[in-house]
Ligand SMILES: NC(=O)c1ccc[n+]([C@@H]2O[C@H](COP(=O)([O-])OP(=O)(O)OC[C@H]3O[C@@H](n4cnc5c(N)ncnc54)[C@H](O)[C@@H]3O)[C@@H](O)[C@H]2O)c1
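What follows is one chain in structure tokens, specifically the form predicted on its own.
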Amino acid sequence: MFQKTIQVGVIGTGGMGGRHARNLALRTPGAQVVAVMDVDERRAGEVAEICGSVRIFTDGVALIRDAEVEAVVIASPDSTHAPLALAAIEAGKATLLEKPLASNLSDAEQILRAEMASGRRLLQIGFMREYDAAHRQVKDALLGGAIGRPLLFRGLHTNLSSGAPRTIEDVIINSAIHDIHSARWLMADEVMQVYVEHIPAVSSDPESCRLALIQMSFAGGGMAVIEMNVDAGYGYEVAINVTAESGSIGADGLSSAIVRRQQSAAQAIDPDWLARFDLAYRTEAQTWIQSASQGAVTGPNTWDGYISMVIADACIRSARTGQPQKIEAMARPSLYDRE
């Protein structure tokens, strides 16, 4: 039950931010979008009109500090995440921050330490797969213990071609970081070592990436293998499988119906993540607003964002050196114990 209506400001009105704004304004009880911000005033104006002709800002920090704004969504470019997250922590406002936590590990640690110093969990990180029905069913089955301790996580993540070669750093931080988080969440353990191999998108450029294979070892003895295909050519797909001590469970990740006709069966594949995880984004927004209205942000937290960046940084080093990399990070502070 909602304690009060939360007045929200949304920073970034592109594909991701625009979706968050619409979900909060039109589909989320207990939320009222009162402000949007974008350097593109035309785009901001279009989203503002959909949300009810709300106020438009061109400065993210100004929106955060505005007295009318009680909670914040940050869906602006990665390079802006750190300064805006720090401003939100300073202002003491509940914030839904799109992944990654920051564009580099140093900034991610600065955000973590700033929130720890505040003594409150204010940030929820946009790892929306935790709110996807298929992923949730897998997690609930593992929590139920019917198939025993998880031993191996396998993940498949495909994208259509972006139209231009991507770097291994971009692929890991902006795409595979979702799979890294999913592996930690479903295995309920921390990663101790990673090893990454990748196939360059351009043979003369070893920093480019067409496909990456990520292997991870966990503290409790489990393992994970993630295939990240950035130029699959057929659509967007996320599939997961967990092998446990006495069984296995998985989800193929496709949300469409299977059509059988004329001696064939066909299933449509979504073109992008916005379509595939549409319901998950709505559920994420609803859960965030409910927790914010009750004064306690839940869901994927700043530690999840930070440690995913630590792992991503090690993955990038492994891809570049061809060697396994150990994960070196502080112990998880008690502030970030998950319910």
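Numbering starts at 1 and runs along the sequence shown. Because the structure is predicted, anything quoted here is derived from the model rather than measured.
Quick note: we don't show the form predicted in complex with this ligand, though the next part is all about it.
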Checking a candidate spot here: are Cys51, Asp132 and Trp288 all in contact with this ligand in the predicted complex (at least one heavy atom each within 4.5 Å)?
no
Checking Arg166, Lys139, Lys99, Lys93 against this ligand in the predicted complex, the residue with a non-hydrogen atom inside 4.5 angstroms turns out to be Lys99
Met37, Val33, Ala292, Met309: which sits within 4.5 Å of this ligand in the predicted complex by any heavy atom?
Met37
Quick check on His181: any heavy atom within 4.5 Å of this ligand in the predicted complex?
no
Should Asp78 be classed as touching this ligand in the predicted complex when contacts are defined as heavy atoms within 4.5 Å?
yes
With heavy atoms only and a cut-off of 4.5 Å, decide whether Ala71 touches this ligand in the predicted complex.
no
Would you please decide whether Gly9 lies within 4.5 angstroms of this ligand in the predicted complex, comparing each non-hydrogen atom pair?
no
Listed range touching this ligand, judged in the predicted complex by heavy atoms within 4.5 Å, from 202-210, 79-87, 106-114, 248-256:
79-87
Relative to this ligand in the predicted complex, which residues of 5-28 have a heavy atom no more than 4.5 Å away?
Ile11, Gly12, Thr13, Gly14, Gly15, Met16, Gly17
